[in-house]
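Two forms of a single protein chain come next, each set out by itself as structure tokens; they are called structure 1 and structure 2.
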Structure 1
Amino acid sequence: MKIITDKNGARDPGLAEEIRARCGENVYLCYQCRKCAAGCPNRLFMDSTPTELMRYVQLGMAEEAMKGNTIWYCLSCHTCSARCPQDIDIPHVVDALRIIVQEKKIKTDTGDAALLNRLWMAMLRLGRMYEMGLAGLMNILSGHPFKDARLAAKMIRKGKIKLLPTIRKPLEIHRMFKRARSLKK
């Protein structure tokens, strides 16, 4: 078993409680069985596994939990939660960590992953994912405006992605987000 230690000794003992307050998940229930890591389809691309992330939070190792790419590369596919014998919703923990990072404006060394996450969440306001808009904005804001332009044209021709977004019930979506903002206050 890999022993996880904090590089500089700094700990945030309130991190686990802050996560619990934000999303209702008790990270102390995790006993490091590693079933989440064994099933994670994206773990090969992450700095740490879901198991290690949970341990970082348990130990109050905020820097390790928030500065790596793990929270940004999490697909929120719930494979980890489905395998967890303690029924911990790990994607909820990841979402809470993402929110904390953004609220506290913590600098992360994840390249464009945080930008992609912000754009993804903004696109969801349309009611469903608008892939063309997401890819276009991502390319423009990351400084590669023509990246994959040929591939995009081919996908549009074959009907794999839509040129314009399809919004089914825009007023209902607007009301839903308005209500969510009022509940937050």
Structure 2
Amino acid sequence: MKIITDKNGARDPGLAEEIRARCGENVYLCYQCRKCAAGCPNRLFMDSTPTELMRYVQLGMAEEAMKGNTIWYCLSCHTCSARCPQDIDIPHVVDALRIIVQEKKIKTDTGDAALLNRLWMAMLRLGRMYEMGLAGLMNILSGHPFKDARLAAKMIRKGKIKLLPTIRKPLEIHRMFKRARSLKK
């Protein structure tokens, strides 16, 4: 059992309400049955279980919720939400936490997830995902230029990855992003 005292970082009593306002999920429904933790396929990589994450949000423990690696190791596989007896969409809560971290530019190790999200959303403006460019940029910007080089060579040989991007309706997508941004303001 983890014992947490007030020494562990600053509290944000409004955190649960902020999550509810952002995604509609009510974390107060969680009664800590641990079904989510038991079924999580990625539990062993996480600092805290999904059950503990729900508790952090209930108690406004923003630092534990947002600076631990748990939200960045969630696979969004929905094993937890499918089994939650209180019908909480836990990956939706995780997404809301991730969005807060990225929007407020909170400094924490996302394990390259924030970088991938940024690149992905930028490249999405081509219309269709350009995997070769995405993987190449990811490798360079994350400091692992030769990651999966052998695999990539095999994929190119088998014609499984396109060398050039396919561009579709970039202006329309650009306008969608613009309208979404102005709606959020």
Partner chain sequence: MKIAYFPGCSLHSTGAEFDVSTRKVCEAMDVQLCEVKDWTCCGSSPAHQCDELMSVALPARILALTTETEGLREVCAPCASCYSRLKFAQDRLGDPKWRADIEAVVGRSCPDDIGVYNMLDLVSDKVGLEAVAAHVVKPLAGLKVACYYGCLLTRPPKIVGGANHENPSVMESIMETIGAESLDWNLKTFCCGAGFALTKTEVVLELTRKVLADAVAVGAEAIVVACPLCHANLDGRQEQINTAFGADFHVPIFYFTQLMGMAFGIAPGQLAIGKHLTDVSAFLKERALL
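Throughout, rigid core stands for the largest set of C-alpha atoms superposing within 1.5 Å between the two forms. Every value quoted in this text rests on a predicted model; they were computed, and no experiment measured them. Sequence positions of structure 1, starting at 1, serve as the residue numbers.
Form predicted alone - structure 1 or 2: Structure 1 is the matching one, since it is the form predicted alone.
R20 C-alpha relocation of at least 2 Å between structures 1 and 2, rigid core basis: No: R20 shifts by under 2 Å between structures 1 and 2.
Rigid core superposition, G136 Cα moves 2 angstroms or more between structures 1 and 2: Where the cores coincide, G136 still shows a C-alpha shift between structures 1 and 2 that is 2 Å or more.
Large Cα shift (2 Å or above) at C77 between structures 1 and 2, core-fitted: No.
Between structures 1 and 2, how far the Cα of R168 shifts once the core is aligned, in Å: A shift of 9.1 Å.
Shift in Å of the C-alpha at F177 between structures 1 and 2 after core superposition: Displacement of the alpha carbon, after core fit: 5.8 Å.
Backbone CA shift between structures 1 and 2, R157, after core fitting (angstrom): In the core superposition between structures 1 and 2, the C-alpha of R157 moves 4.0 Å.
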